[in-house]
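Just one chain follows, in the form predicted alone, and it is written as C-alpha cells.
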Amino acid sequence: MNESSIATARFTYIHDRKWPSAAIDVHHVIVRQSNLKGLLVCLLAFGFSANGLYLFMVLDKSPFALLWSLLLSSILLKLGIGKSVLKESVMIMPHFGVQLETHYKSGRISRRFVPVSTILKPLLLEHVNPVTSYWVLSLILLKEEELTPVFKELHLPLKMLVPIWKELCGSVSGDNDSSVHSNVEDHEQSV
C-alpha cells in the first residue's frame, strides 16, 4: 500500500498500490485546474452573444448576425471547455496488460485495454518541433504500424514519465533492465 507523488505547477502525479495483492500499479496524473481559463472563455462567449444581440436589437441588422454570434459563442465554449482533461491514469497489471484511461471535464471517460501479449516494448521518446520539445511515453504494439501514446492528451515532464516507464518495462519483460534505468537516471540528473 505504497503511495508516492510528484507535483509541478500544472500536474500532480500519484503512484499508488492500494490493491490487496500490491501487484497492480496505478499511476494517476491529475491536471491542476485554473478557473481563470474557464472564466475568460465564458466572458468571451458572453461578449460575442451580447454583440450579436446588440446588432440585431439596436442597430436592426439581420438576424443572421445574431445567429452567427451565437454559433461562434457555442463553438468557442466547446473548444475552450469541452475537451478539458481532468486526469489520465495508467493501470499496470503484470501478466494481463495495461489499461489507459482519460477522464474529461465533461464527464466522459475514454478507456483502452492493451494486453501484455501485444506490447513489444514501451518507449520514452523526446518529441521536438520548431517551437517546443516534450517527452512522450509510447508503446510499440504487435501488428500495429504506429506507436500508441500512453497519455493521449497531456505532455508530461520527464520526472513523471520515468517511474511509469520503468514499471511498464518491468511488467512487459518480466525483469528490470538496470542498465537502461541507470542511463535514464543519469539523463534526469543532467537535465
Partner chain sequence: MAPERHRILMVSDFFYPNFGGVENHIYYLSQCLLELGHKVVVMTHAYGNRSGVRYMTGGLKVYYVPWRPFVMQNTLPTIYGTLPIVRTILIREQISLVHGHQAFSTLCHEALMHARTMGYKVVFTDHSLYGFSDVGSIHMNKVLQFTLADVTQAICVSHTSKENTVLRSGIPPEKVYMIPNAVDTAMFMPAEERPGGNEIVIVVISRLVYRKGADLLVEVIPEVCQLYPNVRFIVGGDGPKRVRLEEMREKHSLQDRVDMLGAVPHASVRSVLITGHIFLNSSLTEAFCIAILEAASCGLLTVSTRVGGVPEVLPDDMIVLAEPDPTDMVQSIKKAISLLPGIDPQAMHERMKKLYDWHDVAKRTEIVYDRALKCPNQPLLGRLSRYLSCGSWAGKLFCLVMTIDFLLWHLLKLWQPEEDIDKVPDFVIPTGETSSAFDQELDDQSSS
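Numbering follows the first chain given and starts at 1. Because the structure is predicted, anything quoted here is derived from the model rather than measured.
Just so you know, the form predicted in complex with the partner chain exists too; it's not on screen, but the next bit is about it.
- Mapping the unseen interface onto this chain, Lys159 counts among the residues with a heavy atom inside 4.5 Å of the partner chain in the model of the complex.
- Remark: Glu126 counts among the residues lining the partner chain in the model of the complex, judged by a heavy atom distance of 4.5 Å or less.
- Contact between Phe56 and the partner chain in the model of the complex is not found at the 4.5 Å heavy atom cutoff.
- The closest heavy atom approach of His28 to the partner chain in the model of the complex falls outside 4.5 Å.
- Contact with the partner chain in the model of the complex, defined as any heavy atom within 4.5 Å, is confined among 60-68, 47-55, 140-148, 160-168 to 160-168.
- Shown without its partner, the chain has Leu124, Glu126, Val128, Asn129, Pro130, Val131, Thr132, Ser133, Tyr134, Trp135 in segment 98-137 as residues with a non-hydrogen atom within 4.5 angstroms of the partner chain in the model of the complex.
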